[in-house]
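One chain comes next, on its own, written out as structure tokens in the form predicted alone.
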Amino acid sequence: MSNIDPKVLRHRVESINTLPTVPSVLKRLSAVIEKPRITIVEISAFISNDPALTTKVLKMVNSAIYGFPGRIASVSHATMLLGLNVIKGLLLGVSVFELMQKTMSGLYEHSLACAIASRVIAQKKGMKEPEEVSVAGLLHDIGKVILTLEFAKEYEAAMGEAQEKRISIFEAEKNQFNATHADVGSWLAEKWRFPRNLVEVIEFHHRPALAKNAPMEAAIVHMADLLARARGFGFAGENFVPEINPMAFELLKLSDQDIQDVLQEMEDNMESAEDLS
């Protein structure tokens, strides 16, 4: 059982800018995106000043994840088109990409598949901002990256426990940390001034019935997460597919054909998405 106090854990997570384990690009980015009134112009300038980041962002924006492949040539065009929240989320996605590769092999592939599936389901449900739902899919497991970076030994123990007892990584994290990757991700999303809906989706993607402001978005990412696991894209910390939340199933009312379409879209697009490295 854990002897980590959740308050201490939260404080450490929120002090991400000073954590020795966190790479400098993420610290710099964190400082920029949590400014109270950051503008699109400032974000564009921040990205454009870093050639490697510019390349990654444009690759991501033009990939199959966003449905307008090959048409966006500049960072300013991308930020205008996608808006502040999506660009902030994308920036985090590309910045933690290398971290994900190092911390948990397969987590980035899982997150990309989840982002694609989230966008397709959001479009099927007629959501106004499918890209925002897609970003929630991309970032839903960001808490795992921070936990693995900061508490490598304990996180390995949680993964071992999940495998041994055939429980979800979510349950094993609760035993190890008195908190889960969903909690950690939502604390960061709040600190980074993401919109309430995005914070909620990250917090409740395993328990969408608890989402007050964004139950549909939480249900979508929950379903996308399970479909990505079922289809075997990447690795999310344990080897079995948890059961779907009945409320999410009821809310989404996806037909067999819808599910086929989502799986097909993941299948078709994962190859180009995986070239983003």
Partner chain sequence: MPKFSVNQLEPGMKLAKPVMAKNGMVMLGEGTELTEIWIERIQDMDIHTVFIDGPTVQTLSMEEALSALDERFALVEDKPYMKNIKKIVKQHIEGLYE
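Residue numbers count along the first chain shown, from 1. Please read these numbers as outputs of a predicted model, since none were measured by experiment.
Omitted here: the form predicted together with the partner chain. The next part is about that form.
The chain is drawn here without the partner chain; in the model of the complex, the stretch among 51 to 59, 208 to 216, 24 to 32, 37 to 45 whose residues come within 4.5 Å of it by any heavy atom is 51 to 59. Put simply, Ser15 is far from the partner chain in the model of the complex: not one heavy atom of it is within 4.5 Å. Mapping the unseen interface onto this chain, Ile259 counts among the residues with a heavy atom inside 4.5 Å of the partner chain in the model of the complex. For Arg166, a non-hydrogen atom is located within 4.5 Å of the partner chain in the model of the complex, even though that partner is not displayed. Heavy atoms of Leu226 reach within 4.5 Å of the partner chain in the model of the complex, making it an interface residue. In the model of the complex, every residue of the candidate spot (Pro246, Gln264 and Glu267) has a heavy atom lying within 4.5 Å of the partner chain.
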